[in-house]
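Presented below, as C-alpha cells, is a lone chain in the form predicted on its own.
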C-alpha cells in the first residue's frame, strides 16, 4: 500500500500519508470515465505519431481488457493514491514498461478534470431522464385531479380555492425550472480539458481536438491554468441538483401535512406508508419525510463544495480532491430521490370530500366577492374593507362565507348581491381567467407546457454521449 512505487517510481510515501491523502476509495466511481478518457488520449497520441503504433495497440488492448475486467468485477483499483495511478500501475503490471507511453502529454490534473466532466455529463443525462419521467407523472396527476377542489395556502392559512390539478402543476413548474438548470449545467460541462497538462500545456505535437471529438465534447477549454483548477461545472451540477432536492422537499412537506388527520386531504397507499412499532393506528408518510430530509444533504454538499473552492489560488491545488464527496454524493442522492418520487406519487390520492369540506366551512371566496363588487363599480380597496367586515361577522357566528348571505343582507345589501353572484367554490375556480391561474383552461395550458418540458428533457438526455457508447466506439479508435 505504498503510493508512487508501482506507477511512478520514486520515494515511497509513508503509509500514514497515503492513507490521509488517497482519494481512491471515492474515485473508484470514476474508473469507467478514466478508462474512456485514456483510450481517447491514446488514440490522439497514436494518430499524431507520438507513441509507436505497436505500443499504442498493446496499450489499447490493455485498456479494453481493464474495462471488461472491471465490468466483470475482476479488476478493482487498489494500492495507489487515486484511480488514475491505479490504472497506470495495473497496465504496467500487465504490459511492462510500454504502459509508460500512456501518460505522455497529460497530467493527473487534466486527467481528473476530464473524468469529473465525463461523470457530471453522464449524471446530468441521468437526472434529466428522471426529471422527464417525473414531469410526465406530475402532468398526468394534474390532469386526473382537475376536478378535485381544495384550499391553496399562504402563510399556511387557507387562502383561495384551487383545483388539485393546479396544485400538481405548481410543483411541475418547479421541476420544469430544474430541467432548465440541468440543461445549463450540461452546457457548462461540455468542454474538453484533456491535453492542457499540469498547467501550461506541452511541447509535444498533440492535438486536443482529437480526444474532444472522440469523447463528444462540443468545444475545448480555453486556458490550461484555469482548466486544471476549474470546478464551476461541478458547482453548476450540485447547485441544480440541490435545487431540485429543495423543490422535492417542498412537495414532500405538503404531502406530509395533507396526509395528516388535521388536514385529511391525501390518503397514502399502504405500499408506501410505514407503521409505528408501538402505535397500531399510525400510518406514517416516511418516504416523503425522507425526501424532505434529503434536501439537507444537497444543501450541505453545495456549501461544502463552495467552501472547498473559496480562496484557492490559480492552477491545481490538492484541496480540489475534496470535490469528490459532495459531487458523487449529490449525484447518488438526487437519483435516489427521483426514484422514490416516481414510486410514491402514483400511490397518493386526494380525498375530494375532505378537500371540499375545508372550502365550504371557510372564507376562501372572499376575494371573489370583492371582485364582484369591483365589477359593479366599487373601488377594490373599498370592496376589500366591506367584505372583510362581513367575513369577521361570519367568523364570529361560526359560519362559512357562503353561508352568511342572510347576515350580509343585514350589514351590506349590495355585498349580499355580490355574494350570491359568486356561486360555489367550483364556480370560483372555473371563473379564473388570468394567465397562470387555477382556471380549467389555464391548468390545461400548464399541463401541456409541463409535457413539453418533459419531452425536451428526454431529448437533451438522449443527446449526451454515454460512457458505454464511447467505449464501444473507442474500442476500435486507437489505430
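Worth saying up front: this structure is predicted, and the values here are computed from it rather than measured. Numbering follows the first chain given and starts at 1.
Not on display, but discussed next: the form predicted together with ligand ARG.
Only one of 295, 132, 212, 109 comes within 4.5 Å of ligand ARG in the predicted bound form through a heavy atom, and that residue is 109. Comment: ligand ARG is not present in this chain, but in the predicted bound form one of 230, 236, 371, 81 has a heavy atom within 4.5 Å of it, namely 81. The closest non-hydrogen atom of residue 350 lies beyond 4.5 Å of ligand ARG in the predicted bound form. In the predicted bound form, ligand ARG sits within 4.5 Å of a heavy atom belonging to residue 324. In the predicted bound form, ligand ARG sits beyond 4.5 Å of every heavy atom of residue 217. Ligand ARG in the predicted bound form comes within 4.5 Å of a heavy atom belonging to residue 316. The candidate stretches are 23 to 31, 65 to 73, 437 to 445, 36 to 44, and the one lying within 4.5 Å of ligand ARG in the predicted bound form by heavy atoms is 23 to 31.
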